[in-house]
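Single chain ahead, written as structure tokens, the form predicted alone.
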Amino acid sequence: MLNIDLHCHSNVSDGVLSPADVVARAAANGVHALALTDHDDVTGIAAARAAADAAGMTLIPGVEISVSWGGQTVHILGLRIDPAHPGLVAGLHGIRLGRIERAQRMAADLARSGIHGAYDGAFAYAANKEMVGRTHFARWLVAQGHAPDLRTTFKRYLTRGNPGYVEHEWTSLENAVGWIRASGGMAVIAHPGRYAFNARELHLLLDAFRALGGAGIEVISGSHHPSEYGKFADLARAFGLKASRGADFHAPDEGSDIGCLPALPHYCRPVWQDWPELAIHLSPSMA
């Protein structure tokens, strides 16, 4: 079986490893094909591709786009994108400008709760200064002793109803899917188990996504509990969507590691079905 991981982050967004180091870790874990999917930024892809070529691994150019839909933030993965496509580049730049303003409001809200210096603190954790986000704030809060780990931090801070959470309008689902498709890529809904939608709302999201040309949904995700895999595999089949697999890797000591998740259920149609760039990893008996 090919070990394919289509969701990971470098320090270009909210990961801690450089793009080259992410690829090196994936290679050490036996990954054959890896998608670098930094939040709203594609500038790490060139370095990741060079490292993957040197390691004999296939690098899938990707991105994770922040979307507002149904009163929540939804993440849409773009796989096999052209990172130089003008429409995609311009759209992502606009989202990053909004991220800076959001970070300033998050810090102000934390200050009103007695936690001061959060913006500068989070800023220091961000290698890419356009990409200060919740994970950078969370790492700073842990370092300052406000919580013992990231999981606890997100229960106490930065989420709806807690200090540090602010409403923010990202781009639309239509824009995100449109940019991905215009750049030659495939749009995939990231970690659907993370969204607080009821069954009806989730079905409406999947209907809207499919109508716009969305192609897939993450079934096996580092953000999903194993008990959820079957649920999302069944939804993929019911809505005619292909299935994806990705660790949502951010750091060696945070969550799932690259390439270490179970395989897709046998009845799923993988998003990577018929990708020609994977042929080099197939033996004649597998092709």
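Throughout, we count residues from 1 along the sequence that is shown. The model shown is predicted, which means the values in this text are computed figures rather than measured ones.
The same protein also exists as the form predicted together with adenosine monophosphate (AMP); that form is not shown, yet it is the one meant from here on.
The stretch among 97-105, 175-183, 204-212, 78-86 whose residues place heavy atoms within 4.5 Å of adenosine monophosphate (AMP) in the predicted bound form is 97-105. The shortest heavy atom separation between Arg194 and adenosine monophosphate (AMP) in the predicted bound form is within 4.5 Å. Contact annotation: Phe154 falls within 4.5 Å of adenosine monophosphate (AMP) in the predicted bound form, judged by heavy atom distances. Contact between His39 and adenosine monophosphate (AMP) in the predicted bound form is found at the 4.5 Å heavy atom cutoff. Among residues of the shown chain, Gly133 is one whose heavy atoms approach adenosine monophosphate (AMP) to within 4.5 Å in the predicted bound form. Among His32, Arg245, His250, Lys242, the residue placing a heavy atom within 4.5 Å of adenosine monophosphate (AMP) in the predicted bound form is His250. Contacts of stretch 1-32 with adenosine monophosphate (AMP) in the predicted bound form, defined by any heavy atom lying within 4.5 Å, are made by Asp14 alone.
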